[in-house]
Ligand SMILES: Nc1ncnc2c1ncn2[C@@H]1O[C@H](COP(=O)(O)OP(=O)(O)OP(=O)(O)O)[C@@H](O)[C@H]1O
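First, one chain by itself: the form predicted alone, in structure tokens.
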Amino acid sequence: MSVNSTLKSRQVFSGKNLSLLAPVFRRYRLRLILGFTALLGVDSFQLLTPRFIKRAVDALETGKASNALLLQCAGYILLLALGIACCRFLWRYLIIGFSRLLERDLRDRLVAHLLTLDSLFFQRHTTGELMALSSNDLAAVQLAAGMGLIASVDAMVMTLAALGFMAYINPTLTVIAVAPMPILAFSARFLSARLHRRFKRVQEQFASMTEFVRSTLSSVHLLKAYTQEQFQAEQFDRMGKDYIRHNLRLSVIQGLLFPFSGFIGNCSLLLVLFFGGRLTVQGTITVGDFVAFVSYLFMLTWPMTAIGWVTNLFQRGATSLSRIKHILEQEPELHDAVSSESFTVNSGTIRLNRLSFTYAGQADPALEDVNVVFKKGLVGVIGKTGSGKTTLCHILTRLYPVDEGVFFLDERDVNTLSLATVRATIAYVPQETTIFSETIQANIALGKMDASMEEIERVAKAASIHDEILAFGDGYQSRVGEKGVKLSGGQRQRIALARALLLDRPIVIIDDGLSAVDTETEHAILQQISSYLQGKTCIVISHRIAPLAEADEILVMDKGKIVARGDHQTLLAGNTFYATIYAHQTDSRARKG
């Protein structure tokens, strides 16, 4: 499900959507008040300027003009121009600055909310889609809340004030001047709905392109290995052409709004020149009145022209705000327990009581009727691919919700404990290793940023990665590139293992976290970290039996169930699957030797 699939085909800045921005407007209300005061100052000074022009023109027409009078009018106009310049700087600094602050706060809120959502959400939404929201869509909201808001307020004030001054000069001529405006209002309303739909499609296409680029760059080595560079380039070219096509369709609407607004403004000017000229010739209004009226009409032309621009900005902002609002309304399906009670893990015992779990959209359960107790010591878990081993790890680390009464930590139902409390007791080495584009030191210290170098080196030695780290040019300060591109698979896994050991938590879960190293190295590493595992509950998932031979208990999983359990010798004697796998792996090593 995409962000846009739940949005209506037509969206505006409704009260519900504006509630998202209301706290930001309240927070910066003083800045906005000062900014709009400066904006009103600009408008007031501009509206006063034609009055001095009228005074000078009327004096010239009647022959009463003098150098002193003309210099006085010019001086007032100059002062007004200086006031306009100062106030214009202030409103730009205050209001445009506000729009940037709004963009920052909204981005912070969006990212903070995304971090609270669970795995199910990220299965429905692509990374590119979310990146587009935090960049392109936020930029559209910023423009609407900045220049869009300024232009709309300015246009409204200038329209009302200019019409008032024009009506003061001659009401009849004012009615004639505004006669074409209803046509502009109707056309703007008609075109704005189409503008929304087409901009929504542009944003969807931008999100698709962003996701395509992200996935291409993250998989560039695989694409090169399969010689798919040309194919990817052609795909991106097709997406780019679609993006341009949708933008051109959007530009058609924009291209109609702006010229049509200008056309209506010029029609008003034509009417004023014809009828206002006749009134001037007849002596109904003075030449100064006529010049001032035309000046006010020019001021009114800007709001009329701005209708198209403001409509464009607001429709873009409304579309983007709706998309952002949709994400912020998403709630994690894994709800956190509301409890102020502190809880400290003592024994680190995990008890699963008839645990069953089925992924959304799947018919068969990934785990079914799992009953097991994990106590202090080493427990191994083996099974075929798809037998439920990784799902079990995800459940234990509270990545997915479970029913009440099936998962207990130190005999406390995990649903009564906060997610942070449960996760803070577990050091987890996932099957898919995550390495950040940072230094090796920062990657190891991810969960304990204040760790000393001595601590970091100690766990690196335990994970058999210390010497290889020193072989890099900058040692622990070496940057490993995006997703650890400068590291081998085994090096990434051992850095992830060192990261987990550094946390020194009562429960350690290693989900096939040493699959990229050979069996002997895996066995040696498990021996080396045994001192770190003393007094802890350690669960190791592996496809290899030999490294788990010394485990206190080994669980055999198949089709989401625990089909056998016992120590190594017990399973060799009593479980055909286990014995067959062990014999196969032993024979393979013997042949390689």
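What you see is a predicted model; the values in this text were computed from it and never measured. Note that residue numbering follows the sequence shown and begins at 1.
Another form exists, predicted together with the named molecule; not displayed. Remarks below refer to it.
Partner contacts here mean any heavy atom within 4.5 Å of the named molecule in the model of the complex, and among 356-364, 288-296, 110-118, 143-151 they occur only in 356-364. Lys384 is the sole member of Arg194, Arg245, Arg88, Lys384 with a non-hydrogen atom lying within 4.5 angstroms of the named molecule in the model of the complex. Taking a 4.5 Å heavy atom cutoff to the named molecule in the model of the complex, the contact residue among Gly388, Gly276, Gly317, Gly513 is Gly388. Contact between Tyr400 and the named molecule in the model of the complex is found at the 4.5 Å heavy atom cutoff. The named molecule is not shown here, but in the model of the complex it comes within 4.5 Å of a heavy atom of His543. When the named molecule is considered in the model of the complex, Gln123 lines it closely, a heavy atom lying within 4.5 Å. Contact annotation for Gln477: none of its heavy atoms lies within 4.5 Å of the named molecule in the model of the complex.
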